[in-house]
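Next up: a single chain in structure tokens, the form predicted on its own.
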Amino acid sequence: MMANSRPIGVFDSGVGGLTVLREIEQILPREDVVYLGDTARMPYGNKSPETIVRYTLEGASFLLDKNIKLLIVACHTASSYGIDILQEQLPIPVIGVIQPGFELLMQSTRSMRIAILGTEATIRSKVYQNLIEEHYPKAKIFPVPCPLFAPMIEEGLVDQVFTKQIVEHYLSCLRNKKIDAALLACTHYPLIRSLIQETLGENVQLIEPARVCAEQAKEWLVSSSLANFQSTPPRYEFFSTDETDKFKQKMEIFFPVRHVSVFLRDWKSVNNLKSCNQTFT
């Protein structure tokens, strides 16, 4: 396979990474993509750091076996704990969501009063808090763990009455904090963006790094002469570790009408994922 015709790999704990893939489709419309959603073991946000790293390495190993030329880790939790290890050990470039999210957030705030909305594990890692405090010591940070958001979105419960109540439960504490920007530090959260905006108010900018990740991918591919300029429609392959039919329903929310080939592979056994794991040294 020619180097520039190899696919991009996108990894997420579930369907949240489809928000990144949607941007890839717009910015890199000729690139083939292999997407892996580890739906059998999500949410990652309530797992230990060691488990998160292991799951992330296993997912990366599976995608490496698909001969990818670039890996995008579209999961904030996986990026929080595993991105440094992947960047050090993988033979291909790895792009995460942490640095793009941090940069975009700090470009967007004027008051330096900001919120981080993420999984319990992402907030616990303090990856965003440490970055902000290192570069912007005067910033006032309000980290808010939202453990039910990702599982609720995976179940498709985005427009129920209790969904709004759950959003209100987690975020109402921010109303009197005078924040002007909030980072959606989970790629699932854009699916309930309107509810989050309604709860925080229209004056709060909601920041999501999906587009910046896609732009960084394009920049690297072009600079490395690995961009794909094929004349035929790109090939997208989707893998999930469980509940393929449910994953397909969510996938169609993002890509209701496509002019590319879509392949959904039934890959229900987590043991298959583990068997693909390489030894990273």
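Just count from 1 along the sequence shown to find any residue number. Nothing here was measured: the structure is a model prediction, and the numbers come from that model.
The form predicted together with D-glutamic acid (DGL) is left out here; the points below concern that form.
Though the partner is left out of this view, G45 does reach within 4.5 Å of D-glutamic acid (DGL) in the predicted bound form, counting heavy atoms only. Among residues of the shown chain, C186 is one whose heavy atoms approach D-glutamic acid (DGL) to within 4.5 Å in the predicted bound form. Using a 4.5 angstroms threshold between heavy atoms, A150 counts as touching D-glutamic acid (DGL) in the predicted bound form. Only one segment in the set 23 to 31, 226 to 234, 37 to 45, 64 to 72 has residues whose heavy atoms sit within 4.5 Å of D-glutamic acid (DGL) in the predicted bound form; it is 37 to 45. In the predicted bound form, D-glutamic acid (DGL) lies within 4.5 angstroms of at least one heavy atom of each of the following residues of 112 to 142: T119, T122, in sequence order.
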